[in-house]
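Below sits a lone chain in structure tokens, taken as the form predicted on its own.
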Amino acid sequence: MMKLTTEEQEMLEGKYGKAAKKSMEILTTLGDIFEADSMVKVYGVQIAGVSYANLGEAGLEFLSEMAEDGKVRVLTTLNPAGMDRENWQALGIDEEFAKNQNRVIDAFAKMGIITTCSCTPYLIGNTPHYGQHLAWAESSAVCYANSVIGARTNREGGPSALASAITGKTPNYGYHLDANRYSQVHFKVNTPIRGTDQFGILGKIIGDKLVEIGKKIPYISGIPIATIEELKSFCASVATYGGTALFHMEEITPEYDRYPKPSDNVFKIDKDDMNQARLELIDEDSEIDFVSIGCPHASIHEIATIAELLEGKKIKKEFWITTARPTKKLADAAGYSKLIEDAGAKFAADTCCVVAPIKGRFKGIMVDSAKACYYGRAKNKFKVRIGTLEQCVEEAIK
């Protein structure tokens, strides 16, 4: 049984309102299941389960009940919604869906949540520091926070993340504890890895192997340098294919030398492995009619590169750049948006090709993201093709 502070006990007893009571019930139940000894304060929260396509009326009813008297205590942001909130018509989103999606966003807003809908909260102001406790729900963001930043969060579900936002607490178990942050298997990379597509492919290889051997936390060596964009691509991929919420990368991530390096499970990854995994993310008979960059959400650096590649050109296929709205505003101010939109490409802020209701609209999708390949096939039944960011732009204009 968890030891609760006086304030936590009073929340559980209903002295802080119905939403706080329900939230503490969710968190104490979780804590009892995972044998947590106490709660910890969280610095920030990221809530998943924002798209109406995933929530439906039942999920919306739960949110509406929590919003009756629930208010968040810590900085809280949202995962991508099912549409661009300002530009949904241009992206072909149904009016009825748009109405319901806005009902969801309004319920979150009523609780004091910042309604920035992005899978990269660490790029738009929900930015934790090393060692801080969080309650984040989006798989790639959880992996990034634990690994690249060295913050501490379990992969929360939508209800438990909301409960943490309303109480400011989370049960102290899992990745919040040193004992559960040790790597269990060593991957030696013996070939150069560059670009978001290659880091995504590497994530698939490692994720697949982790599932096969029943391990969760990899230690990775042989990568001398990695950009933020490459690391977010890797996080998305290794979380999708391996269910991984934490990795240590030698000389790259902050905790790589904090724990012993595993020596009993060692696997090597070479050029042939990378080539084989790439072939697995290319459907030979794919007829590409949709190109998307931004899974996870595109950074301002990626948008600048796309603008440079598209300047003076015209696209021939549906081309989305999915990103957070604050990043889109930076792109507007820098003049990147105009170059991109003049070429005929579209920004899809607030959403992405994974959660938008686009099944049946396209035959084949080209992306630079191994995660987008996974969901393109599994959720939307698209044929898929992975390539570099530059190859994706070439496909859109040819």
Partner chain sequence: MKLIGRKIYKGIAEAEAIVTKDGISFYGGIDPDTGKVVEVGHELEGQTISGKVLVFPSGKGSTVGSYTMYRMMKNKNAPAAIVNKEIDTIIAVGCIISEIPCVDKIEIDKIKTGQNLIVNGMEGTVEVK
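Numbering follows the first chain given and starts at 1. Treat the numbers as computed from the prediction; the structure is a model and nothing was measured.
Just so you know, the form predicted in complex with the partner chain exists too; it's not on screen, but the next bit is about it.
Proximity to the partner chain in the predicted bound form, taken as heavy atoms within 4.5 Å, picks out 30-38 from the listed stretches 363-371, 342-350, 30-38, 325-333. Only one of Pro262, Pro254, Gly158, Gly174 comes within 4.5 Å of the partner chain in the predicted bound form through a heavy atom, and that residue is Gly158.
Under a 4.5 angstroms non-hydrogen atom cutoff, the partner chain in the predicted bound form has Glu65 among its neighbouring residues. Not displayed here, the partner chain is kept clear of Arg385 by more than 4.5 Å at the level of heavy atoms in the predicted bound form. Asn54 belongs to the set of residues with a heavy atom inside 4.5 Å of the partner chain in the predicted bound form. Interface membership of Pro357, defined by any non-hydrogen atom within 4.5 Å of the partner chain in the predicted bound form, is ruled out.
Residues of 320-347 include none with a non-hydrogen atom no more than 4.5 angstroms from the partner chain in the predicted bound form.
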